[in-house]
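Here you get one chain, nothing else, as structure tokens; it is the form predicted alone.
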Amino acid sequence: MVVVKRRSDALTQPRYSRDDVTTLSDKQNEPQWLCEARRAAWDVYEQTPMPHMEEEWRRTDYRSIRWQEADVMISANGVGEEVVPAKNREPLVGDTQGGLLVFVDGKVVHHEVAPELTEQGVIFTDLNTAIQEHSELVQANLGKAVQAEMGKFAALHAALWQNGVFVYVPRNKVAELPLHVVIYNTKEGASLLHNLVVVEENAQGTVQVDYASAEAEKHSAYFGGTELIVGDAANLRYVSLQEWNRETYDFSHQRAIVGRDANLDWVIGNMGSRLTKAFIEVDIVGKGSNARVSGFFFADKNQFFDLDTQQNHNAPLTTSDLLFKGAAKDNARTLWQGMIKSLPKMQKIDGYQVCRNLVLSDDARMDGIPGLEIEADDVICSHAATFGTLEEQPIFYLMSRGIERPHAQLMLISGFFDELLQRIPFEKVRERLTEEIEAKIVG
């Protein structure tokens, strides 16, 4: 006999408690300051209702998630890095990299750092190790960009994150070789990892983070947090590629703070998951700084991507440049909500924001909502969202030259994404995204 559970009887939120917070802190032998921070975040979590009709959530229905499956904490079962697909472990540039940190089911299974980086004082390790060995550095930066007060899932993450990565590039140092992080899950359930990247004054670094998981039948949840702290006159290139399986619900807060005369080049690729709700924010806090964000997304079948971006100009003489390009086919849905904000008297700012969308089937739906909130009068700010479909005439032309329809479509879609791909300074990342386009069109 099959028992159908009524919607009113289904779990409406994860089954965690304050005891879980205490148990986690005790298990990891955490310092007092972190224990207190976790408990404070749990208080925020308990006081914050589950997202429902708030402006940033009212177009996103995540209630299809089966919490009885998705909230079970993933635990490592002894497998190693050999289970991670080769493409996720490839170096970002050339054949070498400055470091590789691989998590499988939340456990560190591989860690290496180039000696030349270690000699410069560069720190590249998992966050739990960093807390034990570099407690003051972590304490000074953890929670600076992403706070529990940012929302229900941000508070849950702040209270119960399990591990993550800590990257630190000291003042006046250049980490020339890229640092690579792989987060891979073989099991269903919940995972909470935190990425903390700190590039101090006049320093430079490149970081790539890959998210992926094996195919599964049960639901999973990822509650993620990413903090990028870019010091004065510093330069950070950060690449994030997400390829969760089709039963994963991704809830993440990603925020960068960019100092005076600093530069941030942020590349985001969103290809996987059942549902993604990502808050992506850049806080430009120093005069003369620049932030560029390039986003790629492609949804098919029943995927739903909700990408919420914000560019905050909190200093004069600053620039931000955000370009997102996405496509959707089958029954997929995407939503991009963007905002450029400036504080009063923040003059001479230049903010650009655009999301271009390609709708590839009658049943797919794509929404774009750009926004400006400008409180200064000497600015250059522009925003746009565009939508289009594939035209039959160029497809017919290519087919008349002997090209099969799927490959003709692929050529045109690749051309649509080319503007975005040319902004990405890493050939292998461009190749990865191009392969993803081909997989979703040709199979």
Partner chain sequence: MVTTLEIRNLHAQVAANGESILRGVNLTIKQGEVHALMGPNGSGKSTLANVLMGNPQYEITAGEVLLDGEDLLEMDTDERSRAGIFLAFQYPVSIPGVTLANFLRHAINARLKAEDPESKGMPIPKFVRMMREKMNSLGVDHSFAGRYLNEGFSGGEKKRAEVLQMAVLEPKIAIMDETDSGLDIDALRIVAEGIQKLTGPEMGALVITHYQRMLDYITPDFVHVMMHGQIVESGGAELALQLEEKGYDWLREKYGQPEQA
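Positions refer to the first chain, counted from 1. These numbers come from a predicted model, not from an experiment. Rigid core: the largest C-alpha set superposing within 1.5 Å between the two forms.
Here the subject shifts to the form predicted together with the partner chain, a form of this protein not shown in this document.
Give a yes or no on whether every one of Pro31, Trp33 and Gln147 sits within 4.5 angstroms of the partner chain in the predicted bound form by heavy atom.
Looking in the predicted bound form, the three residues Pro31, Trp33 and Gln147 all stay beyond 4.5 Å of the partner chain (heavy atoms).
Even though the partner chain is not shown here, does Thr386 get within 4.5 Å of it in the predicted bound form, heavy atoms only?
Because no heavy atom of Thr386 falls inside 4.5 Å of the partner chain in the predicted bound form, the answer is no.
Would you please decide whether Gln47 lies within 4.5 angstroms of the partner chain in the predicted bound form, comparing each non-hydrogen atom pair?
Outside the cut-off, so no.
If we define contact as a non-hydrogen atom of the residue within 4.5 angstroms of the partner, is Glu55 a contact of the partner chain in the predicted bound form?
Close contact is absent here: in the predicted bound form, Glu55 is far from the partner chain, nothing within 4.5 Å, heavy atoms only.
Although the partner chain is absent from this view, report whether His407 comes within 4.5 Å of it in the predicted bound form, heavy atoms only.
Because a heavy atom of His407 falls inside 4.5 Å of the partner chain in the predicted bound form, the answer is yes.
Could you work out which of Glu435, Glu427, Glu419, Asp20 is the residue within 4.5 angstroms of the partner chain in the predicted bound form, going by heavy atoms?
Contact check passes for Glu419.
Considering the partner chain in the predicted bound form, which of Asp61, Asp377, Glu392, Asp26 comes within 4.5 Å of it through any heavy atom?
That would be Glu392.
Specify the contacting stretch among 378-386, 393-401, 66-74, 34-42, defined as having any heavy atom within 4.5 Å of the partner chain in the predicted bound form.
After filtering at 4.5 Å, what remains is 393-401.
Kindly check if the Cα atom of Asp378 is displaced 2 angstroms or more between this form and the one not shown relative to the superposed rigid core.
No, shifts by less than 2 Å.
Has the Cα of Gln422 moved 2 Å or more between this form and the one not shown, judged after a core fit?
Result for Gln422: yes, a 2 Å-plus shift.
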